[in-house]
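Just the one chain here, the form predicted alone, laid out as structure tokens.
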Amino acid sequence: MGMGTQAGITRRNLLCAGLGGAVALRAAAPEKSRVVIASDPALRATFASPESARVLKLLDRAVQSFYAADSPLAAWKKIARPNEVVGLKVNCLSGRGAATSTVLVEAIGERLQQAGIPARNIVVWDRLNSDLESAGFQPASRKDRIRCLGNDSAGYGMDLAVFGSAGSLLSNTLTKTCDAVINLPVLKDHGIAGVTLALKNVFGAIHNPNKYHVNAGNPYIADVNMFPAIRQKIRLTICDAISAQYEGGPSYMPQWSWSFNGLLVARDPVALDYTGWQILERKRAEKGFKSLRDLHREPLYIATAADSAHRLGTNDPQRIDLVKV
């Protein structure tokens, strides 16, 4: 009798303890990484330049939704303080067609200024002045305007940043000029690394990206993103998916490009890259192309960036809060 009662109490206690543990686990569950996909089907019906006003509205909708703010301006004020220098890290290597849209960058510059960031505190940058020019930007360094410059003008620091398999000198624009960075990659395929989105776009901040393309960029892309200046200064990624490319990248291949007419916004670069990768894979399948895995260029560096040695974000779709607006 005593034994049975004691056993019954023990079972009940265990059950209660189990339920309590489950509640505690739910309470301690990691917050999901939000990725916003904002789209406007009429933004760009052809490959002509998108209308500025429509891009601005799309951008506002994306950023306001990401921050769950009461207004677009309130959302923009969450990115940086008025006394900070904000860098806009564009992707210009492939020139017009597969580079960050100048219209999008102009819209971001306009909103940052309305949020209290002076024009002199906004810097558009990438690896080379010639790349910026090929994408439609005009390198300039007047202190009373938005600056635009390549690392070949700004130079690189003397101290080697090291993590894992990667060791690089970092752009002075990143380390010495900018307090905060908005990462502005393009939604596109990469012939070696599989895709080139948020994580790979930071190769434009280092002096030796040519060394990190072996093994489809794994683990090098993840390791470079662990450099403190990169990890700490990138506040937001706005992926330009107005025109996207599912094959033949990073060079511009119009025959494999399409008007996605959207933007992807996230703070978590891994979640954004996973989401963008899936979009590209679906388009490849729709067009009858093999998957990146079948072609031996699956972007495994995305999983590496999420692993216990990096913890740069999540590639688990169950932990990604995907919001479409």
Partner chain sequence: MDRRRFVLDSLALPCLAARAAAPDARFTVEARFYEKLPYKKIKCKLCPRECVIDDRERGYCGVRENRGGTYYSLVYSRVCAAHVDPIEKKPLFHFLPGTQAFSVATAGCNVNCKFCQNWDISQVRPEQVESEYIPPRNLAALARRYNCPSIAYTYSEPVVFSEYVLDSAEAGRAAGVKSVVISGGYIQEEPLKQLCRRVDAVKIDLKAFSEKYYKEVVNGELKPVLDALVTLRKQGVWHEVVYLVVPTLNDSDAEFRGLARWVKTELGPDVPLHFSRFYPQYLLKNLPPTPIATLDRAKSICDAEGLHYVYIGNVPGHPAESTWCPKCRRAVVERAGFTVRAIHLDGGKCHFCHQPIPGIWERTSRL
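Numbering follows the first chain given and starts at 1. Note that the coordinates shown come from a computational prediction; the quantities given were computed from them, not determined experimentally.
Keep in mind that the form predicted in complex with its partner chain is not shown, yet the notes after this line are about it.
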Would you point out which of 88-96, 101-109, 176-184, 228-236 contains residues with a non-hydrogen atom within 4.5 Å of its partner chain in the predicted complex?
88-96
Of 253, 170, 122, 241, which residue is found within 4.5 angstroms of its partner chain in the predicted complex when only non-hydrogen atoms are counted?
253
Just checking whether residue 156 would be counted as a contact of its partner chain in the predicted complex - the rule being heavy atoms within 4.5 angstroms.
yes
Indicate whether residue 134 is a 4.5 Å heavy atom neighbour of its partner chain in the predicted complex.
yes
Going by a heavy atom distance of 4.5 Å, is residue 248 a contact of its partner chain in the predicted complex?
yes
Is there a heavy atom of residue 114 no more than 4.5 Å from a heavy atom of its partner chain in the predicted complex?
no
In sequence order, the residues of 209-233 that place a heavy atom within 4.5 Å of its partner chain in the predicted complex are 209, 210, 211, 212, 214, 220
